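The chain below stands alone and is given in structure tokens; this is the form predicted on its own.
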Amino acid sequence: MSDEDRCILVETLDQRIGMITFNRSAKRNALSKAFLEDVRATLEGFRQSGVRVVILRAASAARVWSAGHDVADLPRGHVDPLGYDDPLEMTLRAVQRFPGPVIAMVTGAVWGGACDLAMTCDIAIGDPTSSFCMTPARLGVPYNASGLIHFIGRVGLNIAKEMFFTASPIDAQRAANLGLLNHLVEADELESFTLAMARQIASLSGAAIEVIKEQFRVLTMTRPLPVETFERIHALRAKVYNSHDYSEAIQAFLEKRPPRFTGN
């Protein structure tokens, strides 16, 4: 398979740093099932070969880091579009459980589920072209509880609500101010800055960092809720993915027209 046919391009630097470059520019790096399977397989390969740090990136000067879920892969209705076994959810868990830090190197727009991917990474570094936009309300998608918790933990409740309710982009400077980005650097410095941080991390104790990362994961997941609460969350989400609005939004996207939402 030629590089042009691959969803992602993979390389290893200094035998300790793994680089995953998104390679679906014609589809705005949409997160298709095949794309996400390749990312998970690569992370597992990096883990087995002892890679200490992973960088997720788009091609240099890309206008879109990722457009989020590939809408063509979403179920047409009456099926949870973001269930536990959804390819994006599986990939987010793979990022969380990778033993070393995963860095999102962001250039261009980040949409929908790709925002969740970038924020699930341990560190996010962007340039002035980067922006973040949560779009489930445009597609009638009832976002899942784990994804909402990612956003609340990263930007706080009020900003998370604004992002989900308005589906409006947050620009690079505001993203840095809110903590969506750890660092905002000039475009011509983005790669060198990110690699310098990756090399610094890789020079430290991998055993200590692995344990610290796992502690962060466990501690941030310690949010006990009654079983009844989870059941109510599922019922609320099912009401939406069984609705006219969800089916209409998917069909409108495929037909390249504005959706006609009815609220039902």
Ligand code: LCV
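When you see a residue number, it is the position in the sequence shown, counting from 1. Because the structure is predicted, anything quoted here is derived from the model rather than measured.
FYI, the form predicted in complex with the named molecule isn't displayed, but the following is about it.
Shown alone here, R52 lies farther than 4.5 Å from the named molecule in the predicted bound form, counting heavy atoms only. Remark: R28 counts among the residues lining the named molecule in the predicted bound form, judged by a heavy atom distance of 4.5 Å or less. Contact annotation for P169: none of its heavy atoms lies within 4.5 Å of the named molecule in the predicted bound form. Proximity of V141 to the named molecule in the predicted bound form: non-hydrogen atoms within 4.5 Å are present. The single contact residue among I201, A67, L195, A62, judged by any heavy atom lying within 4.5 Å of the named molecule in the predicted bound form, is A67. Though the named molecule is absent from this view, in the predicted bound form it lies within 4.5 Å of a heavy atom of just one residue from M119, L74, V155, M163, which is L74. Partner contacts here mean any heavy atom within 4.5 Å of the named molecule in the predicted bound form, and among 204-212, 235-243, 41-49, 28-36 they occur only in 28-36. Residues of 244-264 that come within 4.5 Å of the named molecule in the predicted bound form, judged by any heavy atom, are F253, K256 in sequence order.
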